[in-house]
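Read the single chain below, which is given as structure tokens and is the form predicted alone.
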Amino acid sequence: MIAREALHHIVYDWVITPGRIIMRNKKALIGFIITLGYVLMAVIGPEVTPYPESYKYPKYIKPTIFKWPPSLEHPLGTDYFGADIWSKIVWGSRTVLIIAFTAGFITTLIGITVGMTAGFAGGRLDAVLMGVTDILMTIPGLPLLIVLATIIRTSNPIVIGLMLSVNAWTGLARSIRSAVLALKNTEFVEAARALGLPTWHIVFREIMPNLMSFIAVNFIFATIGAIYGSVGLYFLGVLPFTEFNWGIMLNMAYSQAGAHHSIETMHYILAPIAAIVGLQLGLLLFSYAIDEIFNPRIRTEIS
């Protein structure tokens, strides 16, 4: 009976209620559909794409169809090697999403851990953690990423996601620390202390639920930032071109095709840019439902 009730609450709180919120929020619904489409494209797209070898250079070259404009056979046209651009977009989505969600998760996890620890513990530990955080915040993000990418020279999406998180968590950590400092002296936290409840219970059952909507929204924005970061590093050529990525498409369009010099080849550049904008737009619109999903107090009708 207890297990059945627990399952009912899980299904209701994490499936039914979020589903209802998303369905009635038009922006969130559009964002959810767009994001889900990208996820499905990354998971199954490469297996069903019409030209599965289009992302491999120089193995796939058809000089007879190079630089074709968009057509029914090639919806986004072909590039300077005669490879199908749509197939390259599909293949590149997998690496982009793995890096982005990995970086978003790690950034959020570190930010929560540091912010919660500093705010709840206080004293010398708070001073040390915030000191490290402040130092990292002063280091310019892009130059730091370029240096790390040059030293590590990895093509592993998980490692790249970790690298993008090196100092991306600092702002979230400071914000969570401030929120914890405001919450830890409230009446419900003081009551939990008076009852002798353990620290982990106070942190995870009393304080954390009040921060979940803020944390979830920051996860979305950390993921969006990681998309920019990963594509930018590939575009600059500081990461190895072994795992295909939209940034590689932009790099090749500029460095090998000179696509920015000709209107006829502009679709080489516009295709990956449109893919990036579409993914970020989907995540941004989906974030409109996050507050309602994670904060029952503000679940109101949104037209």
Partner chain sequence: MKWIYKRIILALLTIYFAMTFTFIVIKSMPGNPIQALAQQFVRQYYMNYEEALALAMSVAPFVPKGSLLEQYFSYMMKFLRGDLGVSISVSTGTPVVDILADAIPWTVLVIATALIISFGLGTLIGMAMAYKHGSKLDSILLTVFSILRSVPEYIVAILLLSILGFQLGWFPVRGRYDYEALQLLREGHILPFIANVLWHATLPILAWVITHIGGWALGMRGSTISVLGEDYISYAKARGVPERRIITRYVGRNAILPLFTSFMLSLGFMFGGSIIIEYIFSYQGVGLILYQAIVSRDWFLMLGAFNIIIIAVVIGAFLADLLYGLLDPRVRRGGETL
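Nothing here was measured: the structure is a model prediction, and the numbers come from that model. Positions refer to the first chain, counted from 1.
The same protein also has a form predicted together with its partner chain, omitted here; what follows describes it.
- With the partner omitted from this view, the residue of Ile158, Val147, Leu197, Met212 that lies near its partner chain in the predicted bound form is Val147 [heavy atom within 4.5 Å].
- For the options Phe235, Tyr51, Tyr38, Phe32, the one in contact with its partner chain in the predicted bound form, meaning a heavy atom within 4.5 Å, is Phe235.
- The chain is drawn here without its partner chain; in the predicted bound form, the stretch among 173 to 181, 108 to 116, 88 to 96, 199 to 207 whose residues come within 4.5 Å of it by any heavy atom is 173 to 181.
- When contacts are judged by a 4.5 Å heavy atom cut-off, Gln280 counts as touching its partner chain in the predicted bound form.
- Remark: Phe294 does not count among the residues lining its partner chain in the predicted bound form, judged by a heavy atom distance of 4.5 Å or less.
- In the predicted bound form, at least one heavy atom of Asp134 sits within 4.5 Å of its partner chain.
- Contact annotation for Leu284: at least one heavy atom lies within 4.5 Å of its partner chain in the predicted bound form.
- Using a 4.5 Å heavy atom cutoff, Ile139, Tyr254 and Ile273 all lie near its partner chain in the predicted bound form.
- Contacts between stretch 210 to 227 and its partner chain, counted in the predicted bound form as any heavy atom lying within 4.5 Å, involve Ile227 alone.
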